[in-house]
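In the block that follows, a single chain appears as C-alpha cells, in the form predicted on its own.
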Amino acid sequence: MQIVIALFDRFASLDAVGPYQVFTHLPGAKVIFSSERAGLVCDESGSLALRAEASYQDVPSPDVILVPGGPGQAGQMAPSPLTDWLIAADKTSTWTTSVCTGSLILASAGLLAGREATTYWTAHGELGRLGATPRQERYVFDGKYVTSAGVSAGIDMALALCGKIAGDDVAQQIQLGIEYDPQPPYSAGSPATAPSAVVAALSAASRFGRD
C-alpha cells in the first residue's frame, strides 16, 4: 500500500508528521513524502525541512493521498501543480485525505463538492464557499474522502483511517505504540472550550477571520 503525503512550501509540520508517525506503523504501508519537485521542502517556520523523495509525477497512483495545510495552502489552490496531480491521482486512490486547511486544497480541486468535510476552525466559511458542507468535527468520513480539523487532529484522523484499513485492533496497537494519550494542561483546544479572549485573539490573527 502506497501512502503519499504531499508537501509544499510553508506547510504545517505536524499536519504531515503526525499522520506520518501513525501510517509508518501500518502493516504493508510504504509512506512517501512527495512535492512538485523532489528535495527539501520548508515548513511554515522556515527552520524545519522535510525531504520529498519523489515528485508528483513519480507517484501517479497512490492508494492513500494526504494533503496537509498551513500558510502555504493559499498558493496551492486550483489551478496548481498540486491540484492537477490530485485530480488525476484521486481517480484511482482508495482514500483521499487532508489535515487542517489541506481540505481547502481538496475542495478547490472540486473533490469535496457537496460532501461533508472539516478544516481548521476559522476556515469553515471558506470551505463552504468552495462547495463542501462544513462540519465541526475532529475528523469526517464521506465516502473515500477523510478530512480532519486543525493540526493535531490529523493524528486522530490517521488512527481512524488505520482502523478502517486494518481493523480496530491494529489501530489500537499503533495508538499504544506511539503512546497517544493526550492530556493537555488546558481546555483551550477548541473554540467551544477556550476562553473567549483567547478565541477572539486567534480569530483576529487568522487569515480567514472568524466564520
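All residue numbers are counted from 1 along the displayed sequence. Note that the coordinates shown come from a computational prediction; the quantities given were computed from them, not determined experimentally.
Another form exists, predicted in complex with a further copy of the same chain; not displayed. Remarks below refer to it.
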Note: exactly one of L159, V59, L26, A38 sits with a heavy atom within 4.5 Å of a further copy of the same chain in the predicted bound form, namely L159
Contact test in the predicted bound form: R138 vs a further copy of the same chain, heavy atoms, 4.5 Å:
yes
Given that the partner is absent here, does K30 sit within 4.5 Å of a further copy of the same chain in the predicted bound form, heavy atoms only?
yes
Might T119 be said to contact a further copy of the same chain in the predicted bound form, defining contact as any heavy atom within 4.5 Å?
yes
Heavy atoms within 4.5 Å of a further copy of the same chain in the predicted bound form: does D142 have any?
no
a further copy of the same chain in the predicted bound form: contacted by all of A74, I87 and G128, heavy atom 4.5 Å:
no
Scan 161-188 and write down, in order along the chain, each residue with a heavy atom lying within 4.5 Å of a further copy of the same chain in the predicted bound form.
G163, D168, D169, A171, Q172, Q173, Q175, L176, G177, I178, E179, Y180, D181, P182, Q183, P184, P185, Y186, S187, A188
